[in-house]
Each structure stands twice: as structure tokens, then as C-alpha cells.
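The chain below stands alone and is given as C-alpha cells, in the form predicted on its own.
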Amino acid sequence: MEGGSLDNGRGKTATWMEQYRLMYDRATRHPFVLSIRDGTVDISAFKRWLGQDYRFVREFVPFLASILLKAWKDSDDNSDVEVILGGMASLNDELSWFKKEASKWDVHLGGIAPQKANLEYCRLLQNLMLPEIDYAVVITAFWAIETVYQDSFSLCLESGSKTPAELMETCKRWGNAHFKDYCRSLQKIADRCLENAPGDVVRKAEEAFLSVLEHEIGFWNMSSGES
């Protein structure tokens, strides 16, 4: 299984990826992503995605900061903080990249209002930032968010893909092997936390995983111009 290649076949996360395979594939093999891979993407859709994802990443910063704080307070492994801190460090570069790409494509980021699917996804992040949400739940959500992008954009780098040259940098940003390794690190953390978590926390983490998939699908739909 392609999505499961990020796991060694054991653990809750791999089980969920198989159990919800159809939904996972809808999130990682969306027509918008496939249109990039096939070279048929509508550039106006790509520009829409670019602007909306920039707004999302800005909201992602406090979400990731809240995970870092939870890891520092609640994790049973000090190395979690170092892994999450690596993600924090990359966000500044990511925001700079969005600004550079926006300039290249003549997308004016300052005038972009978040669309409904974006607002709803950001609302999920805000809910996950609440103090009462368990660390195992938020690290699972973080892993899922990153993994969907890695799995999606790596498709556009596969042999035989017809990804336009001007979009290759975008695909390499999330589809590269280094980011895949980072997703594996997050998956290992999530699986370790879930293995030791009580049943109600595991159920909430599963719900968070499904919510991420649902919102990712909605975000791709929005990017494609679908309602």
C-alpha cells in the first residue's frame, strides 16, 4: 500500500490508513493533485490553492506551537520536542517560499480572504489547541496533516508523471524523501502515544485523523473551484 509505506505495518496509524483507505485515497489522490501530476492543472486553481494554503500555514503556526508545548509538558520521550521543533523551524522558510511563489504567479497574498473550507479547517486546528485535548490526539492530527501532503505531492514526482516544470518546486517541497522521513518520525511518535493511551483518547485521535482527511478533501475541492 502506498500510504502505508510511511509505516512498518504495525500501530494504530497504519491500521486506520487501511481501514479508511477509500477516504485516505480521496485526500491523497484528489483530482486536483492528479491534474498536477498529469500536466492538466488549471493554473487559476493552482493560484487559488497557493493563496489559500498560505493563509492556512499562517494559522498552522500557533497550532504547531501548541503541540510543542504539549510535548514539553506531557510527552514521555524528550526527543519528541526536538522532532516537533524541526517542524517549527521549517515554517518560517515555508512562509517565505509562499511569498516568493506568490510573486512569481502574481498572487497578491495580502488581499486574499480565506474561503469556507479554509476557515473550517482552521477551526479544527483551533479546537485541537484547547488545553484539554490530549497530546496523543494532536500529534496524530499533526502527523496526518503532514502525511497527506507528502503522499499527495510525491505522486507528482513519480516516474512517468507530466508535472509542469514550473510546478516541480512546489511538488518537491512536500514530496521529497527528507519530508517523508519527517512524516515517519511523526508517525512513530503518534503510534507510541496511542499504544499507551486510554480507549477514549484513542477514539478521539481516530476522530481527529478522519477530520483531517475530511478537511483535506474539502481544501482540494476548494482549490479546484468546487463548492
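Counting begins at 1, following the sequence as shown. All values derive from a computational prediction rather than experimental measurement.
Quick note: we don't show the form predicted together with a small molecule, though the next part is all about it.
The chain is drawn here without the small molecule; in the model of the complex, the stretch among 157-165, 32-40, 56-64, 195-203 whose residues come within 4.5 Å of it by any heavy atom is 56-64. Not one of W16, D134 and F209 comes within 4.5 Å of the small molecule in the model of the complex, counting any heavy atom.
Residue contact with the small molecule in the model of the complex: Y149 places a heavy atom within 4.5 Å of it. Contact between I145 and the small molecule in the model of the complex is found at the 4.5 Å heavy atom cutoff.
Using a 4.5 Å cutoff between non-hydrogen atoms, F46 does not count as a contact of the small molecule in the model of the complex. Taking the partner from the other structure, the small molecule in the model of the complex has no heavy atom within 4.5 Å of any heavy atom of D74.
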